Ligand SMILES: NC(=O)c1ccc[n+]([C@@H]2O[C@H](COP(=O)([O-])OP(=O)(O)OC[C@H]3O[C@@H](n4cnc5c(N)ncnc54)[C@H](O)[C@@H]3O)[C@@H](O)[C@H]2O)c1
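Below you'll find only one chain, the form predicted on its own, shown as structure tokens.
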Amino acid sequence: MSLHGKSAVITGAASGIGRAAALIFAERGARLVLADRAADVQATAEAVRAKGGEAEAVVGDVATRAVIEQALDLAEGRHGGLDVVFANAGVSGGLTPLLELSEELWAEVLRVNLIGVFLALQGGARRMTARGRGGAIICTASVAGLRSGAGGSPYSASKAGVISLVQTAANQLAGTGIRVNAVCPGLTETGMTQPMFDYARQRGSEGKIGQLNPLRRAAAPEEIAEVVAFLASDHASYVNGQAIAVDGGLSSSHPVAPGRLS
């Protein structure tokens, strides 16, 4: 699944899935622009360069048009075009009960998780359309966007919105050669979920993490990033408008008691 020579922008690349994707993309030959509001994105770029890859870092709020346009322009200017956008940046919004949620929290989660993805998708698609060589846009959604039980209300709604955006964009970009897909991670150990993993380890209940999926474990960021790399590659040339769950099988079943069907 070579990405040799492809120019890619990855948001949310300071840690977690975004960082893992940056390292995998670089190993397969992509030239990268990495963006995140956390300054640690510079460390990701340095890690890529230390392995012989090519990466530039942009520090800023990627849910603002100015920052995402800066990253996209940098990719075009340095690499002569844009082939891949991985719109990955997001926030969890916590697990505040429905009746206690504020409109300010809703607005911020939707701004980062949905409007930020829209800005990356729109900006990437404009450049790819103008270039006329197609491209791949991958967005990070979540199993929380498929059904209840995997996140708070604002987070789940924002990720359902990402899935809908991917589907509508894939169709509105018909004939351009631009493929738009979403990856829907299940429970994955990232900076966003780290407090939960740390708490389970402190309690000695680490073995219960991911117990609801058939693989009985959580994912590593690299396992999600491998699917993203596939979607970015020419091997996924006929995959378009899809929301692919990478969740150990969690979303394949209705809730059941182990060993019982009723």
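Residue positions are given as counts along the sequence shown, with the first one as 1. Computed from a predicted model, the values in this text were never measured in an experiment.
Below, we turn to the form predicted together with the named molecule, even though it does not appear here.
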property	result
Residue 62: touches the named molecule in the model of the complex, heavy atom cutoff 4.5 angstroms	yes
In the model of the complex, residue 141 touching the named molecule (heavy atom, 4.5 Å)	yes
is_contact(residue 240, the named molecule) in the model of the complex, heavy atom dist at most 4.5 Å	no
Heavy atom of residue 110 within 4.5 Å of the named molecule in the model of the complex	no
The named molecule: the contacting residue among 115, 187, 173, 160 in the model of the complex [heavy atom, 4.5 Å]	187
Contacting member of 74, 169, 91, 146, with respect to the named molecule in the model of the complex [4.5 Å, heavy atom]	91
